[in-house]
Each structure stands twice: as C-alpha cells, then as structure tokens.
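To begin, one chain is listed below as structure tokens, in the form predicted on its own.
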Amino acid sequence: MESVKAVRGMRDLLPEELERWQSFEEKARQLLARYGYQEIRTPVVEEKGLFERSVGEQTDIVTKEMYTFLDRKGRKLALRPEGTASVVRAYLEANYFQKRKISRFWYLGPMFRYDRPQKGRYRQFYQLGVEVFGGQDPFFDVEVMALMFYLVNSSGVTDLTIHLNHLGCAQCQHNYLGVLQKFVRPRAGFLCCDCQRRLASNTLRIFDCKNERCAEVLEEAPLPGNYLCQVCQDRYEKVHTGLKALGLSVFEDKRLVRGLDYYTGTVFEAMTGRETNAVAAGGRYDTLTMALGGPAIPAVGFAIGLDRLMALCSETSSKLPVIRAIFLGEEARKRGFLLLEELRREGLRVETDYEERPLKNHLQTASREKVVWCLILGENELNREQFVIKNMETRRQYEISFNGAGQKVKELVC
C-alpha cells in the first residue's frame, strides 16, 4: 500500500525545528507586550468577498492563489491568504473604533496561497503580524517599523535594512497613475501578459513583476515618490527622519509598491543581505476600513514571514537541556518516579524510558540521540539515598543526594 505524504506545498514543523520557532515566539510576545499590543485570533476561513474587497479583485492573490470553496449552503468561502483583512473585519465587527481611540493588535497563525513551492515559500505558511488602528501621525509608522526591526533582530537575524517608499494619498495616486499609464501604454507590447492585464486594471502592480523584460521597460518609468503632494512629502520626510533618529538602517526604494491594493502612503519591507525576498513587510492602509463598510480609520501594520525568517535564524533554542533518567530495577523506578516529579516542579526538563534494560543499552541510546545529561538511579544509589548525574559529552559524573535534589540539579545543568 502506498504511503500517505503531506500535501505538496504543506509541511510538518517537527519538534527539533519547532523549538527554535517557540523560542522566537516567546521573545516576540514579551516585546509586543512592552509596546502595548494585544493578541487577536481570527478564523482561518473567511468569506471570499472579504479578500476581494480588501486585497483587490485583480491582484494575483485573489485571481490565482486563493484556496476557495463552497460550503453546504453554497456560500463562497476562502482560506485566509493574509492576516490584515481578517483583523480589520474583526475590529469593525466588534466596534473597537467606538471603544478606543488607538487599538494595537498582533496575530500569529497560518495563511494559505496556491503558490509555486520553493525555498522559504509554502502553500501553508505562517505570519506574525501587527496592526494599529486610529493613528494618523507619522510616528505611528515609525513605531511599527521599529517594532518590526526589533522583532526580526530578536530572532538572531541582524543584517537588516528597511526599504522605504511612499505611494501618496488618493489624489497623489490619481495624478501619478495618469503619468505612469501615459509612459507604459506605448511600450505595452513589450510587457508580459500579466502586466498587460495590470495596465488596464491595476497599473501600480507592474512594479511587482519579476520578469526581466518588464523590468527593462520600467527602468526609466516615472516613480510614485516623485509625484507626492506637499502633505505626503512632509509625512514621508518625518517617517524617514524618525527611523534614522533610532539608528535603523534605511534604504529609500522609489520602486517599492507592495502587492496588495489596500496600501496607501507609507510602504516598507525588511530585507537582509542573505535574501532577495523580504522577511517582513507592511504599510499604511487608511482607506481599508471604509472599503469593508466601516468609518474612515487610519491604520498601519506589517507581517513577518516566519518560514523565511526561521530559515535564516541561526539561534538555537533557549529551552533547558533534556535530562534522560535511567532507572535500574523496580525499586529504583518507584523512587525515581517521585524524583522526576520533584525535578519537573523545579522547571527542569526530564524524560525517561521505564523499560528494564541494561545500563549500557540506556547510555548508548542517550548518546545516539545526543542527550547531554543522564540521571542514573539503581540499587547502590538507593542505599546511599542519592543518584548520579552524568555528562555524556565530558564523561564526568556527579553524585547528588535526594535532599534538595531539584535545586542541585538545576545549578549543575543550567
């Protein structure tokens, strides 16, 4: 019978890798709390129309990549392809705009896109995201970008640069798109099929294209940052100045537009020297609440791609080392079981195999599984009311009495 395997583009996060993820997540929770962000959890399944109205009907995400289906009542549903739209829906549905002037949320969970699987990119992928509602001042933009920078740094990835651009307000974009279309239309025959479609429906998206020929066509194209009104120009300068004042590495990327329709004003990406794709990205979306039926609420946020970030992360897990307990004989198992509970109450990680096997066999298994510390308890140790802790790397052994065992073991192995 053929074995069952994971669906293409989906993967298991096995314990060895997941420990590194959890180490980062614990640090992230602490940092987010210090900035005043509260966790929010939204459904994996939403109405398809939520993403059509927010992400954009003509974006690649909606037209090519969403997992969609009909439920038993014929409703059009989708697995969420990104997190912001769901958080905005929840924010409006719970009337948070009537409860608090400024709302700060963060989320963590799986997203789904039918994309071509490749290194660091999966069809089920994970994001940690941040959204701020109600803040119009440019310092809110600076805050979320600084938080993004520090979160990525906490993973051990330090060679980070923020790529920054400003798309302008609605009037700026209207004026700019006319100029851009005038430039591109005579050259449309040299664009790929997708960009020709975007030219008519969503012109800014042509800057997202990875086709080399399209990039050559756009090399001399007018750029959005050069068509900002004075208000938008002032906002952009305040954001840029604020980031530099914090000592963050910033690169002004005039071609940066992002791939979602809801962005207005500031857009940004976090890049490392080891990746051609961003590990985190976001921007301001001051009109999205209106597009989803709510009042006009200024907002800004970002999302970190955890799959890509964890692939770059060289930091090891911060968890305590595993202690492998070895019990030799029935009486040792009875006393040892109580000892394990005592050690665990001290916060130590202890595991055991209760099967009766020779000591040599237990130690060989521990060595093969790269266990560093072994706790050994047999008849001789019971008679002396103590046990042995052995370091499998240095081969040194330590005799420890039962009295106050938890604190003594913690001092030794931690």
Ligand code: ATP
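The numbering used is simple: start at 1 and walk along the sequence shown. The structure presented is a predicted model; accordingly, all values stated were derived computationally and were not measured.
The next section is about a form of this same protein that is not shown, the form predicted in complex with ligand ATP.
The candidate spot formed by Glu330, Arg335 and Gln386 lies out of contact with ligand ATP in the model of the complex, as no residue has a heavy atom within 4.5 Å of it. Stretch 109-117 is the answer when you ask which of 109-117, 234-242, 335-343, 85-93 has residues with heavy atoms within 4.5 Å of ligand ATP in the model of the complex. Taking the partner from the other structure, ligand ATP in the model of the complex has a heavy atom within 4.5 Å of a heavy atom of Ala278. Proximity of Lys99 to ligand ATP in the model of the complex falls outside the 4.5 Å heavy atom cutoff. In the model of the complex, ligand ATP lies farther than 4.5 Å from every heavy atom of His174.
By the criterion of a heavy atom within 4.5 Å, Arg121 is counted among the residues contacting ligand ATP in the model of the complex. Residue Arg258 is the only one of Arg198, Arg80, Arg258, Arg104 with a heavy atom lying within 4.5 Å of ligand ATP in the model of the complex.
For the residues Leu292, Ala303, Val267, Val142, the 4.5 Å heavy atom test against ligand ATP in the model of the complex is passed only by Ala303. Looking at 344-369, no residue comes within 4.5 Å of ligand ATP in the model of the complex, counting any heavy atom.
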